[in-house]
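Just the one chain here, the form predicted on its own, laid out as structure tokens.
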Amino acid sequence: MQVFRFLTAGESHGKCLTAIIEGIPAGFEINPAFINEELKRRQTGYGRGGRMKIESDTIEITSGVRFGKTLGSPVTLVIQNKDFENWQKIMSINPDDYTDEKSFTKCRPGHADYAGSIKYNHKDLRNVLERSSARKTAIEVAVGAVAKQIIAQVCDIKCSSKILQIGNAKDNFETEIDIAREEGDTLGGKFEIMFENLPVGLGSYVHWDRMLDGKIAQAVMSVPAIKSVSIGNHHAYKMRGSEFHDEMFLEDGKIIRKTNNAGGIEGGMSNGENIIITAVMKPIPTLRKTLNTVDLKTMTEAQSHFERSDVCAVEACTVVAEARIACILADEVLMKFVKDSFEK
């Protein structure tokens, strides 16, 4: 049974992004400044686009916290979309305000446009773009920032991450991004996330949907543009068992490991070592260089629609992935160690 759970709402150019978090016990300290720091991290990184010059995301906590501590009731988070003032009529809920301004029918390859239009019977692909946009990850980062504070207070769990590669570059990322920008193209990349100080026994081996590595993989894989996720040494396929498996030793009465090829998870459970996740992000599918596509209105071949976008957002994606994993760990930590209230 899930303890820490949340729902988000909001569109890319709508009035705001909202999240309601349920299952946080009373007594946890929640610092809005830390949430804002995480939101700022998501907005930085070389290769970000024009939207980041408009928005400066700031969290508003509208329920569930009093005098800096959780009450045990649902916590509501809100981020205002500053760009909404330019989209009020376009994104209006009033049918009398109908306009086809900013509507489009040319699918963008790599986006949710085509499948979303078929699934939800949308003729205007704006209806798909607004919710499928990675803009919604801002509120997910805010939720993850709450989760990070919870796991830090209960178990002193810490998180760090690093970029491993952008396009073909393992260093000099900015040069690679500049070249792509000049050519009207975009880039993806690979990154690594590490969580330290985990207790042994988060997750479970008794059912497939309770295995920690499965939960983490699903959480990261569903981040927009992520195409692969691995935990531990992703070269396991070419290693022998005697090379891969992390041997156990005793040192001053404590079990230690000299390697961590398992990435901190064995049998679907944390084993006390650092959890290490590697993920690959595809190039952003909105690019100035047009791609061949189909206009769903006329059913003729066309060139893809361009919407304001980034050249590279791997750093931002890393922050979102951190947040998603933190939410999984918060759920596991609360289930194992905390009931209705928490005290240090």
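Everything numeric in this text was worked out from a predicted model, so none of it was measured. Heads up: residue numbers just count along the shown sequence, starting at 1.
Missing here is the form predicted in complex with another copy of the chain; even so, the following discussion is about that form.
Under a 4.5 angstroms non-hydrogen atom cutoff, another copy of the chain in the predicted complex lacks residue 156 among its neighbouring residues. When another copy of the chain is considered in the predicted complex, residue 296 lines it closely, a heavy atom lying within 4.5 Å. In the predicted complex, at least one heavy atom of residue 124 sits within 4.5 Å of a heavy atom of another copy of the chain. Another copy of the chain in the predicted complex comes within 4.5 Å of no heavy atom belonging to residue 37.
Interface residue among 168, 86, 172, 160 relative to another copy of the chain in the predicted complex, by the heavy atom within 4.5 Å criterion: 168. In sequence order, 1, 2, 3, 5, 6, 7, 8, 9, 10, 11, 15, 16, 18, 19, 20, 22, 23, 26, 32 are the residues of 1-35 having a heavy atom within 4.5 Å of another copy of the chain in the predicted complex; the partner itself is omitted from this view.
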